[in-house]
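A single chain comes next, written as structure tokens; it is the form predicted alone.
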Amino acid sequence: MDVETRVRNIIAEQALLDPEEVGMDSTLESLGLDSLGLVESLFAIEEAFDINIPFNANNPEDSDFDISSVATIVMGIRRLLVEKES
């Protein structure tokens, strides 16, 4: 399963949606995820990919991880996976 599919599945599970309802241009807010759902999604993604996401839920604007859409989350995870391999 590729990164995009895994991320969409995780976010869908947290938002209680079908993965098909989670588009790449969707925002977490548009999917109905609140701040707790966001944090739970990020923890699940970290566990699934064995990575640490540089995101501070207390100060999201200070984080070096773009959560503005599903696409930006996927791109950030791909970047973290490349960094992890090097």
Partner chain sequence: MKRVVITGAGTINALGKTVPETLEAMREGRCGIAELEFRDVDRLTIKIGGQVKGFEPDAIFNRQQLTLYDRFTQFTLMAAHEAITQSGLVFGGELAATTGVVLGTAGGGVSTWDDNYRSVYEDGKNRVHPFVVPKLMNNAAASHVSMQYNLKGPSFTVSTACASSNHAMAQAFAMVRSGMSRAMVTGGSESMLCFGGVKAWEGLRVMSRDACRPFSANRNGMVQGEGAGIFVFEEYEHARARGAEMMAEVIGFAMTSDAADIVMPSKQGAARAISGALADAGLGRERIGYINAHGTGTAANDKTECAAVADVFGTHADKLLISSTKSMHGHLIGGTGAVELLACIMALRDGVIAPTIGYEEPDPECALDVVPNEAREVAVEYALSNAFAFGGLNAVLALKRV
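The shown structure was predicted, so the numbers you read here are calculated from the model rather than taken from an experiment. Residue numbers count along the first chain shown, from 1.
One more form of this protein, predicted in complex with its partner chain, exists but is not displayed; see below.
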- Met24, heavy atom within 4.5 angstroms of its partner chain in the predicted complex: no
- According to a 4.5 angstroms non-hydrogen atom cut-off, is Glu40 in contact with its partner chain in the predicted complex? yes
- Using 4.5 Å between non-hydrogen atoms, is Glu13 touching its partner chain in the predicted complex? yes
- Item | is_contact(Glu46, its partner chain) in the predicted complex, heavy atom dist at most 4.5 Å | yes
- Query: Relative to its partner chain in the predicted complex, which residues of 18 to 36 have a heavy atom no more than 4.5 Å away?
  - Reply: Leu36
